[in-house]
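Just the one chain here, the form predicted alone, laid out as structure tokens.
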Amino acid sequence: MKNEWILEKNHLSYWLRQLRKERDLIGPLRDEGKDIVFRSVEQIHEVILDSPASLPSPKEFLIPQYDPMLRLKVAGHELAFPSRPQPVSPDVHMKESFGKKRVLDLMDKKKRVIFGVRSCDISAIRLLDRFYLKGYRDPYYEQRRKNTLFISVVCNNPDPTCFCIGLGTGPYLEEGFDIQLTDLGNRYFVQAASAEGIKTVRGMSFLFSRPRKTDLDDQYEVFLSAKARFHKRISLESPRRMILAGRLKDDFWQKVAARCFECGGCVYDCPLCTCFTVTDRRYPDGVERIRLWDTCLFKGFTRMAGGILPNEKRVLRTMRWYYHKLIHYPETLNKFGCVGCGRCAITCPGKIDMATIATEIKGLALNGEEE
């Protein structure tokens, strides 16, 4: 790759400070509870450079948990109607004033650069792009996506729960990223793949130098070392074949469902889960229509007219989640609905995370058993 550079670590803070002049800088920071989360950076020195791979997914900046779609406010006799993005041309927004009705624009146009994202999350975002922008283009997602630049960091030390190496989604990427950094000790090996990423680096070329052979050698050593550090090496192809062959009977899924607390933690932490609900909320001064994160594991997610629940039984909802990840995703997007980030393994109190269940299914296959 020709778009490769070296950035000395003592130049990183200056680079981030310059990027912050044009975009909102998001990075891993410690919150009040001492957890590391992605937040807007005010003090560059507070950015956590050695954050774990399992910090919360950055998908919330593309698909917010709380996403206003329309507001209707009553102020005296004045009504304020926000514009809704047009299906054909989402960049066209009504900004007219007529009578006592005023049109507002709710589209999030803030430009952001998100620093410290891991390779598995970049792989997840590439799939989210296909989900939200292929066919019908979701204008809310599209607006945020085109205004967001990601600076990802190669995982030199994967977490014990990570298994991205078995899915080809990490610990480093060969394509599909904006800017990718590899920590070489006192410097970063910098790669840019997207047009915006290349433009961003070249715009401050005085901070960067071209890599030498020793830099390339060190980068290769980091890759080999990172690959050797994985505790889990899991493939999802065997579980998929078992499901397609009908070898997993109801008893197996009953046992899995019995361990589910229906907390939704696995879904909310997953960088690839896309379920949402749309609801109207009434306030003293008006009404707001919003979409919120939801999950197919909840009983009411597919509630129909008349209050009918087609998947009232927990076992059906549990099966649906795994079928969606292991069957539906490969059939529609040619990729598993999992990038091996391991967050569900940390979150799930019932230990029915993807890695655990995939390992159990593989064990059945190796033993020639059928549940």
Partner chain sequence: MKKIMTVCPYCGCGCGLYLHVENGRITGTSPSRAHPVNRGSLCVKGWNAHEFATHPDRLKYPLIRKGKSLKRATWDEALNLVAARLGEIRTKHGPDSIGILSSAKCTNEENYLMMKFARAVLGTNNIDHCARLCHSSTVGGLAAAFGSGAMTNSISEITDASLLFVIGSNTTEQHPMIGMHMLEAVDRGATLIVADPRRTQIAEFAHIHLRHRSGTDVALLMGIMNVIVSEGLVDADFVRRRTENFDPFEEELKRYSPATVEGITGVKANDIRRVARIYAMEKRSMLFYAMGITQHITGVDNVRACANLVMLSGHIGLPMSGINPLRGQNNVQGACDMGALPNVYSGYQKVTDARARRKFERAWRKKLPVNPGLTIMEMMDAARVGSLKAMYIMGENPLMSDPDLHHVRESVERLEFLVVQDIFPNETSGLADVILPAASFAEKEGTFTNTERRVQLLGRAVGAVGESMPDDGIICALAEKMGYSMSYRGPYEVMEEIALLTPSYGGILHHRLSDGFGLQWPCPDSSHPGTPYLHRKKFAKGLGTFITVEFQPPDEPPDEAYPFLLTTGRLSFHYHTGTMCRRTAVLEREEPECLVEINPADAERLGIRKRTRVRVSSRRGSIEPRALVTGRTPEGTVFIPFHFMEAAANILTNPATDPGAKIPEYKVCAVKIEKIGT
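Positions refer to the first chain, counted from 1. Rigid core here is just the name for the largest C-alpha set that superposes within 1.5 Å across the two forms. What you are looking at is a predicted structure, and each value in this text was computed from that prediction instead of being measured.
The same protein also exists as the form predicted in complex with its partner chain; that form is not shown, yet it is the one meant from here on.
**Student:** Consider residue 18 of the chain shown here, and say whether it contacts its partner chain in the model of the complex, taking contact as heavy atoms within 4.5 Å.
**Tutor:** Close contact is absent here: in the model of the complex, residue 18 is far from its partner chain, nothing within 4.5 Å, heavy atoms only.
**Student:** Find out whether any non-hydrogen atom of residue 61 is located within 4.5 angstroms of its partner chain in the model of the complex, and reply yes or no.
**Tutor:** Contact with its partner chain, yes.
**Student:** Is there a heavy atom of residue 39 no more than 4.5 Å from a heavy atom of its partner chain in the model of the complex?
**Tutor:** The answer is yes: residue 39 has a heavy atom within 4.5 Å of its partner chain.
**Student:** Closest heavy atom of residue 133 to its partner chain in the model of the complex, within 4.5 Å or not?
**Tutor:** Because no heavy atom of residue 133 falls inside 4.5 Å of its partner chain in the model of the complex, the answer is no.
**Student:** May I ask whether 137, 145 and 353 each come within 4.5 Å of its partner chain in the model of the complex, counting any non-hydrogen atom?
**Tutor:** Not a single residue of the candidate spot has a heavy atom within 4.5 Å of its partner chain in the model of the complex.
**Student:** Answer with one of 241, 229, 259, 73: the residue that has a non-hydrogen atom within 4.5 Å of its partner chain in the model of the complex.
**Tutor:** Among 241, 229, 259, 73, a heavy atom within 4.5 Å of its partner chain in the model of the complex occurs only for 259.
**Student:** In the model of the complex, which of the listed residues (271, 211, 265, 116) lies with a heavy atom within 4.5 Å of its partner chain?
**Tutor:** Looking at the other structure, the residue within range turns out to be 265.
**Student:** Please name which of the stretches 185 to 193, 283 to 291, 202 to 210, 119 to 127 has residues with heavy atoms lying within 4.5 Å of its partner chain in the model of the complex.
**Tutor:** Heavy-atom contact with the partner occurs in 283 to 291.
**Student:** So which residues in 324 to 352, when you check its partner chain in the model of the complex, have a heavy atom no farther than 4.5 Å from it?
**Tutor:** Read in sequence order, the residues that approach its partner chain (within 4.5 Å, in the model of the complex) are 346, 347, 348, 349, 350.
**Student:** Using a superposition on the rigid core, decide whether the Cα position of residue 56 changes by 2 angstroms or more between the shown form and the other one.
**Tutor:** Result for residue 56: yes, a 2 Å-plus shift.
**Student:** Which is it in the model of the complex for the CA atoms of residue 113 and residue 54, closer or farther than here, knowing they shift by 3 Å or more?
**Tutor:** Closer in the model of the complex, by 3 Å or more.
**Student:** Residue 318 and residue 55: their C-alpha distance differs by 3 angstroms or more in the model of the complex. Do they come closer or move farther apart compared with the shown form?
**Tutor:** Compared with the shown chain, residue 318-residue 55 is closer in the model of the complex.
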